[in-house]
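Take a look at this single chain, the form predicted on its own, given in structure tokens.
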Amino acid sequence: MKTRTNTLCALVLGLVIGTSTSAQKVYVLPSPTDANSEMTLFIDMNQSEDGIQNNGLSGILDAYPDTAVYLWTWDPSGPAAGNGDWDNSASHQELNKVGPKLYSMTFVPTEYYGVDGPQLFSRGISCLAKLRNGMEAEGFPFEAKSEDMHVDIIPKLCDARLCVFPELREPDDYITITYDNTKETLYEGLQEMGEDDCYIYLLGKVDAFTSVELSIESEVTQNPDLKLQSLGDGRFRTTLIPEDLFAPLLAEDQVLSEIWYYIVREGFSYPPGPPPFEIISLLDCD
């Protein structure tokens, strides 16, 4: 395994230990987290300290505990529906009060932020809590907001029909794709595969206008590099290094940004329309 993968594992372990041993101003549940399932973000204003960044929300809430509080967030991106304006937060950004000075919001991260899993896991969530109007409140010395807060998001191990590991990956990393045929409910013609039946179509994307394919769909089952290894019990797996696999098809200055793929079985054809692509995003950390 590459050095960067070992470093990632050490980082994740450290995050788990740190999260479990100290009180957090902001945290998420469940953790580890599935980027495509509901997650709840908690902001604990009991852990906030006024005056760190011209912030005074904690003192305001001590005086007015029933005041509505709003989420303002910018990483892994701004929310897809927007934060609103600093002096007039969007109504959908209002947090739920779940305890004294403890607030929450539940959402699907990839939908709420409009990002993919790798971007969520690589950047984490940066946010703060504020009143609808985040300017200075009358009678209080600071702005009606918390200090900036950040929480790293730990990826959950996948148990779905298709799983990709690791969650964070670059074009020259080893990437493993696991397909659980026992969870194949989308296409009857793909069910009950034999040990030698499972193949994968792979398309490398450089940008929105440039892509390369290893084999056209009708020839995928003749390419041994595209055959998935049977693990038994209906599970199949392949491991690849995208940069190496697609190198003969790329120009020297081209770098892969995504891998698009779907499962192929000899004799099976998908219904008319666009193929059911799954997308693997690749990080460019240079």
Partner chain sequence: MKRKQHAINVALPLVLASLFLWGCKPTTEGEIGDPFDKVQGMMGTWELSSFTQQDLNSPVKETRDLSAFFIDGVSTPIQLTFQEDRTYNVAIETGKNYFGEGGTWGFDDDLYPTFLELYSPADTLSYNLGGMVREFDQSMRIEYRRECGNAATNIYTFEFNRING
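Numbering follows the first chain given and starts at 1. This one's a predicted model, so the numbers in the text were calculated from it and none came from an experiment.
Another form exists, predicted together with the partner chain; not displayed. Remarks below refer to it.
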message: What I'd like checked is whether Pro79, Gly84 and Asp87 together line the partner chain in the model of the complex, meaning each has a non-hydrogen atom within 4.5 Å of it.
response: no
message: Can you pick out, from Ile241, Leu29, Ile52, Leu250, the residue that has a heavy atom within 4.5 Å of the partner chain in the model of the complex?
response: Ile241
- line: With the partner omitted here, the residue among Ser211, Thr176, Ser215, Gln191 that in the model of the complex has a heavy atom within 4.5 Å of the partner chain is Thr176
- prompt: Out of 232-240, 43-51, 62-70, 257-265, where are the residues with a heavy atom within 4.5 Å of the partner chain in the model of the complex?
  reply: 232-240
message: Against the partner chain in the model of the complex, would Ile279 count as a contact residue? Criterion: heavy atoms within 4.5 Å.
response: no
query: Looking at the partner-bound form in the model of the complex, is Leu131 within 4.5 Å of the partner chain by any heavy atom?
result: no
- request: Decide whether Ser122 counts as a contact residue for the partner chain in the model of the complex under a heavy atom distance cut-off of 4.5 Å.
  value: yes
field: Distance check, Asp197 to the partner chain in the model of the complex, heavy atom within 4.5 Å
entry: no
query: Which of the residues spanning 149-163 lie within 4.5 Å of the partner chain in the model of the complex, based on heavy atoms?
result: Ile154, Pro155, Lys156, Leu157
